[in-house]
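This document opens with one chain alone, in structure tokens, the form predicted on its own.
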Amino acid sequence: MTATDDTETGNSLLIAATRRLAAAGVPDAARDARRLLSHAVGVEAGRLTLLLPETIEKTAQAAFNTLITRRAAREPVSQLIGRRAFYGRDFIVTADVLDPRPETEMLVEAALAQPFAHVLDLGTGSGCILLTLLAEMDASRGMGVDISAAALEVARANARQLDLSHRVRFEVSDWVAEVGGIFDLVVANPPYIASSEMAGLAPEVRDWEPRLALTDGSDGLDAYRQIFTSVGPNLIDDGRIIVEIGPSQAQAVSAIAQDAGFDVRALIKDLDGRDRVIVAQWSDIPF
């Protein structure tokens, strides 16, 4: 694509953009081009088809061209449009937080399988897990912690957007270091990618998402060691802890949990059949 043209239609813009994204190696180039065009012209994706035969206004063309340039550099769509759908709700997303992923919805489903009153989210990021749980479980309250103050600003914005600020608080904390209170549910999607695996990640993840939220810089298990060995005092007896894991980590994380006094109750697979979520229960009596 070149400079804006008074005669450019939505169709011609989409064709050129799709070719450019495909040449840059972007997966699902046509889908991303449509999402970015709908954002640039300010219409819902479902209404975009109605505008495709029409000439697109020059400022919208310029905005779309800029978005396509950034996407060709493999910047994630969610960061370009500033939001991502998760469990039926839109969440604000920036470069300071992980992009909410469909597989993390398995953790939410597991948490909602039993009622809870007070939930703690360790490494809350955008707040998508915690805020979804609060929205789905009436009268529950929660706390989200993260070592990144910038991430917590995103979480607070999402809480305001969802009208949940009165039921949640956010604090800067290195896991449970600054956490006070007792909870009946703890959830976490910690950095579980080993440093040796980082180079093989998609550019959208490796180059654009916060490294601190992706990897511990070691074997991908450090966060689990810290969480399971320290969170017990913040859980009621028989309280649950539910964590997302990497596909090859079930045995190692289960062993870490059991060594710390937790009873592993379930291993849940994602829709691709990969190990994804561990559900464990706390007891102050060693097993």
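These numbers come from a predicted model, not from an experiment. Numbers for residues come from their place in the sequence shown, where the first is 1.
One more form of this protein exists, namely the form predicted in complex with a small molecule; it is left out here, but the text below deals with it.
Colleague: Is there a non-hydrogen atom of Ile81 within 4.5 angstroms of a non-hydrogen atom of the small molecule in the predicted complex?
Modeller: Answer no; every heavy atom of Ile81 is more than 4.5 Å from the small molecule in the predicted complex.
Colleague: With a cut-off of 4.5 Å between heavy atoms, is Pro190 one of the residues that contacts the small molecule in the predicted complex?
Modeller: Yes, contact at 4.5 Å.
Colleague: Does Arg167 make contact with the small molecule in the predicted complex, using a 4.5 Å heavy atom cut-off?
Modeller: Because no heavy atom of Arg167 falls inside 4.5 Å of the small molecule in the predicted complex, the answer is no.
Colleague: Does at least one non-hydrogen atom of Ala135 fall within 4.5 angstroms of the small molecule in the predicted complex?
Modeller: So Ala135 does not count as contacting the small molecule.
Colleague: Between the options Ala213, Leu185, Ala151, Ala110, which residue brings a heavy atom to within 4.5 Å of the small molecule in the predicted complex?
Modeller: Contact residue from the list: Ala213.
Colleague: Identify, from the list Arg156, His118, Arg74, Arg101, the residue with a heavy atom within 4.5 Å of the small molecule in the predicted complex.
Modeller: Residue within 4.5 Å of the partner: Arg101.
Colleague: Mind telling me which stretch in 86 to 94, 127 to 135, 192 to 200, 158 to 166 gets its heavy atoms within 4.5 Å of the small molecule in the predicted complex?
Modeller: Going through the listed ranges, the match is 192 to 200.
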